[in-house]
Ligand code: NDP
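Form predicted alone, single chain, as structure tokens, below.
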């Protein structure tokens, strides 16, 4: 890339960010579009997040992405929230507009588009089991609810956080049947009854050989198992175990791709080249 004094900057705020494929994906899109924009990783500790976000203004950034563990706290620092971010209280995309910080969330859009590529049919009659209750889980839960799924079950390490997500959904989608459990409770019945199983936690990142405490022996060829984390090997213990049971699987690259495309449109008003972006991140 030819970076000049006129090059505009977009960053990704996270801790850590050393594993992220976003710079490779976004810079390939900007190059293909002929845009003088550079996308850079910005490792920011939680205690430094307010200074980092306000620094985006001072340095004239066009915007930024926000990743783990900052999605909820970053939303609180915005001047305004739009779209699903208003419901979820979590963001993954910041747009600088007339000196104001506008928070958006494209995670849910990215997840649904990726899931529809795998399922090839309507989600309306499907039940889903969601592991996690953080920023990404909130976005996924809201997007599934907007698709009028049959039922959503939430399991999380902290019951309080799971109940908070359930309460959020009850306020906005009162007709959606919900079930809440903790990770240390039995979940065999939920695995059996849920066509879609989603790990929306960071369990499974490369170097971590763990997987969520899930009754994987109950998975079948009728299940779709999703893991939103992505690793250099493009494999996680959960996905490997699910494939061993004949289930269809979906890693985190599809969600990364589609949420990134939606973010580029927010920053530039241009629809990015999906094929170029996909080629940049696929192994």
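Everything numeric here is computed off the predicted structure, so don't read it as measured data. Residue numbers count along the first chain shown, from 1.
Same protein, other form: the form predicted in complex with the ligand, not shown, and the subject of what follows.
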Completion exercise
Answer key: of 153, 187, 156, 143, within 4.5 Å of the ligand in the predicted bound form (heavy atoms) is 156
Fill in the blank from the handout: Residue within 4.5 Å of the ligand in the predicted bound form by heavy atom, from 238, 29, 53, 256, is 256
Problem - Non-hydrogen atom contact residue 216 with the ligand in the predicted bound form at 4.5 angstroms - result: no
Handout entry: residue 202, heavy atom within 4.5 angstroms of the ligand in the predicted bound form
Key = yes
Exercise for the section: Consider residue 90 of the chain shown here, and say whether it contacts the ligand in the predicted bound form, taking contact as heavy atoms within 4.5 Å. Expected result: no
Practice task
Give a yes/no on whether residue 133 approaches the ligand to within 4.5 Å in the predicted bound form, heavy atoms considered.
Solution key: yes
Practice task
May I ask whether 63, 113 and 262 all come within 4.5 angstroms of the ligand in the predicted bound form, judged by heavy atoms?
Solution key: no
Practice task
Go through 174 to 182, 134 to 142, 190 to 198, 82 to 90 and give me the stretch that gets within 4.5 Å of the ligand in the predicted bound form, heavy atoms only.
Solution key: 134 to 142
Exercise for the section: Taking only heavy atoms into account, state which residues of 79 to 114 are within 4.5 Å of the ligand in the predicted bound form, ordered by sequence. Expected result: 107
